[in-house]
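The data below hold one chain only, encoded as structure tokens and taken in the form predicted on its own.
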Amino acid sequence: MINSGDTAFVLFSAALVMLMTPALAFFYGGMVRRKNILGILMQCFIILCVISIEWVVYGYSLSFAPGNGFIGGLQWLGLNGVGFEPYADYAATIPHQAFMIYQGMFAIITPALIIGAFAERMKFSAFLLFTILWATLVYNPVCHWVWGVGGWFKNMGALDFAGGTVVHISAGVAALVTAILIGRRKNIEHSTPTPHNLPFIVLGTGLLWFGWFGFNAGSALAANGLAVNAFVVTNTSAAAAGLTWAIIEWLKNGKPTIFGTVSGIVAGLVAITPAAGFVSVMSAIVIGMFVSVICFFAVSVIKPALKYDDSLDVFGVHCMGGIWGALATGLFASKAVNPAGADGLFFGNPKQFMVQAVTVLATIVYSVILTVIIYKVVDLMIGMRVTEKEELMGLDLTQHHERAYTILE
């Protein structure tokens, strides 16, 4: 039977997850040069529009309708049969449409994460086509693998409470691929761009942290103790990661920075996402501490060594943080926290860690292959990158004929 409290909780959580995409717009927008901030805002908001339509027309059906191990069926196209009664395979106490719209907000923010990798140099038309194809051919299948009835990851017993594999690894790997394929920004070797508005980055982080409670706690799909656990460990991991990143900078550079601290907070939120419904609060502290070490190494050592231009460190934070979070779930998961889950390696079940590793590897391979194909097809059809002149002028003017700031410094 429908529970009004659970329904209200899930709808509110859906609203929180929706807020995360505009929050991401400010988080990313503050990092780019001021001539490109409107381009970032436009990309995030148009994804809200486009993927909302894709999701209700066919994306939800491909992701969650009963099908085979790889993809969902077509019986829920246009939300046919997705009504106001519960659907027991997903949530027995809320309307089916409440579950649908909640999951739709995940589908929206996932391709939005990739924006940070190719920021300041992709044509808007190419971005739109790439996003629709990627959501259809990568997000929808991977979502079905992990959460859909009959999905092969789900049948293996993989644990992903709120999207570490579905969201962060799939998008983070795609970010690295697009950054490599589209190439480095012009003149970046001579002058590394600096964030044009740090307060926007901090504002975006605060809103992301706030929205992440809907992302993780809402994934309990009920106002219950499991939601409380997910809420508490989410906050704890973010705090531990932000503190750890600040300490690393302090020791390495002599001073902690707000940019580094908020980067750590986001990394901590990413890492706890797959584990939020399966681990204890003390495990969350360990997960948060280690993710900052891993992601700091990725952005400060691996990225300069390999010389790829992942503009806003999507791969270094989201993919590396997501990989650690998925594997850490296989280490720290405990049935004492969630009897419907599984014990991890540290609680006597090494098989769970192996299952997590297989899902990570399979997601990476699939996202890499499909992202390359999608990129190449779109590039062949309409071209992916703006001209050098357009890049130097900035995407705000050349792609949208707008300027963010009318008063020049």
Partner chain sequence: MKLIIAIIQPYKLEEVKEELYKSDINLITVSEVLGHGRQKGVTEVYRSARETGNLLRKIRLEIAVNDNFVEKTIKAISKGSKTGETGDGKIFVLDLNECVRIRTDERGPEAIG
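Since the model is a prediction, treat every value here as computed from it, not as a measurement. Positions refer to the first chain, counted from 1.
This protein has a second form, the form predicted together with its partner chain, left out of what is shown; the following refers to that one.
- The shortest heavy atom separation between residue 198 and its partner chain in the model of the complex is within 4.5 Å.
- Its partner chain in the model of the complex is approached by residue 31, whose closest heavy atom lies within 4.5 angstroms of it.
- By the criterion of a heavy atom within 4.5 Å, residue 120 is excluded from the residues contacting its partner chain in the model of the complex.
- The closest heavy atom approach of residue 259 to its partner chain in the model of the complex falls within 4.5 Å.
- Here the chain stands alone, but in the model of the complex its contact with its partner chain, taken as any heavy atom within 4.5 Å, falls in 295-303 among 230-238, 320-328, 207-215, 295-303.
- Contact annotation: of the candidates 103, 263, 244, 178, the single residue with a non-hydrogen atom within 4.5 angstroms of its partner chain in the model of the complex is 263.
- Contact with its partner chain in the model of the complex, judged by any heavy atom within 4.5 Å, is made by just one of 27, 55, 64, 375: 27.
- Along 332-357, no residue reaches a heavy atom to within 4.5 Å of its partner chain in the model of the complex.
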